[in-house]
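Only one chain is given next, in structure tokens, and it is the form predicted alone.
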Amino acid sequence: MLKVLNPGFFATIQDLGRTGFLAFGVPQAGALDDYACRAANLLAGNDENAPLLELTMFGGEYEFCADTLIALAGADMAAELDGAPLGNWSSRRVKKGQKLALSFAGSGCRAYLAVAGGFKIAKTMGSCSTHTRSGIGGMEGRPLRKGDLLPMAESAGGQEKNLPGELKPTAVPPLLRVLPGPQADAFSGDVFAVLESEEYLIEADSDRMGYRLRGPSLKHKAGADIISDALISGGVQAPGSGQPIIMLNDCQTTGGYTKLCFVVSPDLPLLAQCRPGDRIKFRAVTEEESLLALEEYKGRLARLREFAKEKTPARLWRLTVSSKRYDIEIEEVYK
């Protein structure tokens, strides 16, 4: 078991999401930063789609009730294991009774905590992902609470590893690449020039359903309302205010506002690490450019999988000085 001593700001069980049910009004849900989700699971020796914890802004505190291997990826929350610093984008073995504490994110917004074998959570419509608005998924569709006990699968996991720098994402805030949406012609003037002209601020009332933005107003030719049609993560809606909303994984499956564009999928993990008060920019791209971005992202995932499979010599040491424990990594340097 993993015992929740403090659930932090907003912790939920996620995997890569619920597919095949949008036509029935069931949102995708799933990890907002799918790259960090995959990385944490692979570092823990898991399948990429194993259920793990998504921690938002402030990670909280957890106690391990069994020996296991854990991995952290995503936002850096200054993790400590029994008071000793624990590296991000890495996997480490933990002992029964040890406590993991995660503070406020120094950078980024969401961290992912995986345990070897994943959490033993029943699937709902093929996924363990929590969707709080509908009340389905892990822990019966709610965020974690103090005192929750999460069953962990029995697994030895893989090796202790540190992800190399070239496989870690670039810093946020990002430049988001977008493709025209189905109602792009419902806007007046050169609307993409307006969209690209300045930065947009992420508003405080943003969440897993969508990011509300404040910046240059997008003008409609004849109103913002349309007959509701399909809506997916990455869609950029523009209501009557002209202030865009980027839909995320927990968004509803249909929407009645004009959709100017869609954020290309490789940029959504970077967007997921933005938080209220951050600023983002947009850049319109061609279909060919978006396909190239997708191929580059697939290539990075392939390199991530290869790294996770590699058997590396032991380069991690634990040193105790004056009752404090330190993790030390030894790196070979060649001239």
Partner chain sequence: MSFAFKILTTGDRAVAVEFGAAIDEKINARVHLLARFFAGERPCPGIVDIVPTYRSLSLIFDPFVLSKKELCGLIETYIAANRDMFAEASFTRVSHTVKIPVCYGGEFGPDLAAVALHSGLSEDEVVNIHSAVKYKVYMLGFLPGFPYLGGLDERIACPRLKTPRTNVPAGSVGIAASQTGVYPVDSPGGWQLIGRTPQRIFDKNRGKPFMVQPGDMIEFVPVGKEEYNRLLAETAVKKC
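All values reported here derive from a predicted model rather than from experimental measurement. Residue numbers count along the first chain shown, from 1.
Keep in mind the form predicted in complex with the partner chain is missing from the figure; the text below concerns it.
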* Structure fact -> Heavy atom within 4.5 Å of the partner chain in the predicted complex, from candidates 168, 133, 214, 93, belongs to 133
* Asked: If you check 122, 222, 230, 204 against the partner chain in the predicted complex, which one has a heavy atom within 4.5 Å?
  -> 230
* Asked: With a 4.5 Å heavy atom cut-off, would you call residue 153 a contact of the partner chain in the predicted complex?
  -> no
* Asked: residue 117 near the partner chain in the predicted complex, any heavy atom under 4.5 Å?
  -> no
* Any non-hydrogen atom of residue 197 within 4.5 angstroms of the partner chain in the predicted complex -> no
* Looking in the predicted complex, any heavy atom of residue 254 within 4.5 Å of the partner chain? -> yes
* Any idea which of 76-84, 258-266, 100-108, 158-166 reaches within 4.5 Å of the partner chain in the predicted complex, heavy atoms considered? -> 258-266
* From first to last in sequence, which residues of 190-205 have any non-hydrogen atom within 4.5 angstroms of the partner chain in the predicted complex? -> none
